[in-house]
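First structure 1, then structure 2: two forms of the same chain, each alone, as structure tokens.
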Structure 1
Amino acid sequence: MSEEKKKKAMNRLKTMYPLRANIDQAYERSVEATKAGKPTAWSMVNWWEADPILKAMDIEIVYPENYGAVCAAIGSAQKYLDRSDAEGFPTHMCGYARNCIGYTAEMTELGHIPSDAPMGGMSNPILLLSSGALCDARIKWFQSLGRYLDAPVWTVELPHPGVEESQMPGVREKSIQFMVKELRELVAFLERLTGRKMDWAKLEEITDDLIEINRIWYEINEFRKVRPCPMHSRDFWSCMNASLYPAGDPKVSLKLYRDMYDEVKDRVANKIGAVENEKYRMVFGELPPWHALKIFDELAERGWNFVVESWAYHAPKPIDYAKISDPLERVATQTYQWLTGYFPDALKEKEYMGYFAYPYLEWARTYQCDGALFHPLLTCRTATNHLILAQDRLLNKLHVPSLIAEGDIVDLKLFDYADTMRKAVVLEEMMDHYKKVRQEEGFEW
């Protein structure tokens, strides 16, 4: 097959390129700023709960999880993983954490950033900001860095109510107020730590921009429900960091997302799909194999269009924030909404894993998916432990089959490209079969 044809199989969004470039430039600027001595916090991804506060106080944010992905993608992670093992940390722990621990141990030993550190490395932080969202590593990892760093650790709380419990009277309000109290404590702590005062007007502006970014990003992804789907998961992954981290100046990101909205809307109006001859509409589970993204081109040639992907990287369902005057309450409400936004629907269907697993079910139905490709990341239990459940629910409730292709966040050898393609052919047969089953049972697709 010619190169020309391969390019045609997947039709990338033009507006993706400047948005991606903006993300990359933001990283470069961040590295320069931290090296120039700007106060830097190492932070867990926190789903907009602490980011706006740190940004409003002009603290540069570095995300070691993201740095782990960078080290893995360019093949530099192994020596840091080995160092972590030698330091006595169990080998089964999160690959990103082990990468960071090894990196930090080496940096401390040298007294400076290792000269061969990818992307200029991560500068010494003044703060380690842990997050109670989703996994244990994200509250334990930074504390374990106490062996190497003098920076204090702060943990941001995020309640995780059960699906049914979340609907009990007062639970939502109490949870958000709890978060607000904790965030107020965080602000006071940062003021003590940096000697600066919080710029509340700036916080309000950043928060509103992030809410708007997420609203537009959500709407863009809603367009993907139409046939043919106008945007492939590749474009989602290329652009998600401007929302998720959020990388770059929010105002610039906002403008670029608006441009993307217009392009996707235009594609919908003109029935332009992200994949030529969309035959299979697919869900992708978890982060992709970053080093082997060309597999999506090969699958696109077979008519596979990835129309939706993991919940954790998506924006929250939009709600009205207009009546919330306290910026910290807006911050807390958005993050809580992200976590619990699917719970009411999940409860109606007696699905009790309202995040991670249930959204696959809702999306497979509303995006009318034929199948799912799940990519469990073996040293990330959080990314993995719901996938068998999701696989089971998709098949038994919606007759949507799936395949599991194992991989990892740092050990790239675990992903077997050829085997995944072999399994993909088998999955196509299953998808054809279950499409008939769905039709026989009166499903809409």
Structure 2
Amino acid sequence: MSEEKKKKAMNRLKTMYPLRANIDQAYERSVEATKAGKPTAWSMVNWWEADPILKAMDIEIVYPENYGAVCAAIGSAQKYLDRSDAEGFPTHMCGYARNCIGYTAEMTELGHIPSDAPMGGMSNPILLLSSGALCDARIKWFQSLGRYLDAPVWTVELPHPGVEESQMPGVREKSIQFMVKELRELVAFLERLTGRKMDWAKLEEITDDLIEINRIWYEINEFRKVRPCPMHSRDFWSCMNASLYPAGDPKVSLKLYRDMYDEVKDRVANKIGAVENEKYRMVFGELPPWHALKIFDELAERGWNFVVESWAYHAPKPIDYAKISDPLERVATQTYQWLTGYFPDALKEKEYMGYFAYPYLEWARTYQCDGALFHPLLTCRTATNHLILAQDRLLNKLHVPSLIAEGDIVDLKLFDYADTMRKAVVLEEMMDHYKKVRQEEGFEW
């Protein structure tokens, strides 16, 4: 299959490229900033709970999870995975954590950033910013880096109420109050660590910019509900980083997202699809195999257009923040809204795994999906434990079949590309069958 045909099958957004480049440049900036004496923090994705605080304190942010995806995508992760294994860490641990530990061990041994590190590498941090949200490995992963780095670990916490519990009187208010208290303690800690005072006006401005970025990013993805879908998951995965890992200048990211909004809106008006001859509208479950993204191109040749993907990496449902004067409360509210925004509708449908499994039901309906490709991550229980439930609900409630393709976000040895493509042919037969079933039962698609 020629490269020319592959490019023709998937119509990439032009505005994706500057957004992708903006993230790549963040690593280079962090290395240069460290050389110039500017403090750098390694931060886990924290869904905007700590990012605006670090940025307002003028601390450069590097994201080891995102760096793991970068290393996997360009084929550089294996030596870091092998080094982590050699250091005695378990091979079944999170691929991002293994990549980070292997990288850090090599950097410490050399006494400087490895010369072949992708995009200039991750510079030495003064702080390891951990998060209590969702993932198993988060706290212990950063604690284990104490073997190599002389940097304190701070963990920002996020309450995780259940679907029913979240709707009880006072739970939302108390959860947000708890988060605000935690964030005030983080500010005080950073002031002691850096010898600087918080610039509250700057924090407010950065917070407002991040809220606006997420509002526009949400609206861009809403456009994908139309037929043909104007934006493929490949562009989503390339562009989500400016929202999810806001290391760069928020105002630059805001402009780039506005440019993307205009391009996607224009595609909708002119009925331009992301995949030529869209035949199957697909949902993708969990993080993609960063080392094998070409699979999306090959499936696009078969008419597969991935129109929506995993809840955890999308912007929160927009709400009104105008009446919230405290910037820390605004920060906490946005993060809490990301976690619980789908809970009220999940409760109405008596779906109690509200923040992982339920959104697939809502999106399969509203994006009118024909099938799903679920990618269970063999080194991540959190990103996997809900997928069989989602598969069951999609089939039994909406007659939407799915394909399970086991793999990993970083370790390419765990993903069977050829087997996944064989299963794709079978799924097409199932999607054709269940499309008739939905029509017979009066579904809208």
Partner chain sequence: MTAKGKKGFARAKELYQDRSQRAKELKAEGKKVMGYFCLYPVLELFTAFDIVPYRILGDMGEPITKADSCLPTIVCPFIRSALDLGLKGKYDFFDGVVMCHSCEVGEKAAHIWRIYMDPSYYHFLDTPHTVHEPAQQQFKGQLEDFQKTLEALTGKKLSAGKLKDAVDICNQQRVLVRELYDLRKSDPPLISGTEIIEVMVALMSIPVNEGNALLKQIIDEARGRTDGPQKKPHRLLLWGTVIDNTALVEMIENAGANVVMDDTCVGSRAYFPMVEPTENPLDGLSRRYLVDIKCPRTFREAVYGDPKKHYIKDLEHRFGYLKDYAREWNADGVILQSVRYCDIHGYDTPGLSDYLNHIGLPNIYIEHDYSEGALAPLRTRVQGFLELIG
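Superpose the two forms; the largest set of C-alphas matching within 1.5 Å is the rigid core. Each residue is numbered by where it sits in the sequence of structure 1, with counting from 1. Predicted model only: the values in this text are computed from it and were never measured.
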Which block is the form predicted together with its partner chain? Structure 1
Taking the rigid core as reference, does Phe178 move its C-alpha 2 Å or further between structures 1 and 2? no
Answer yes if the Cα of Lys35 shifts by 2 angstroms or more between structures 1 and 2 on a rigid-core superposition, and no otherwise. yes
Core-aligned CA displacement of Pro118 at least 2 Å between structures 1 and 2: yes
Rigid core superposed, the C-alpha shift at Lys79 between structures 1 and 2 in Å: 4.1
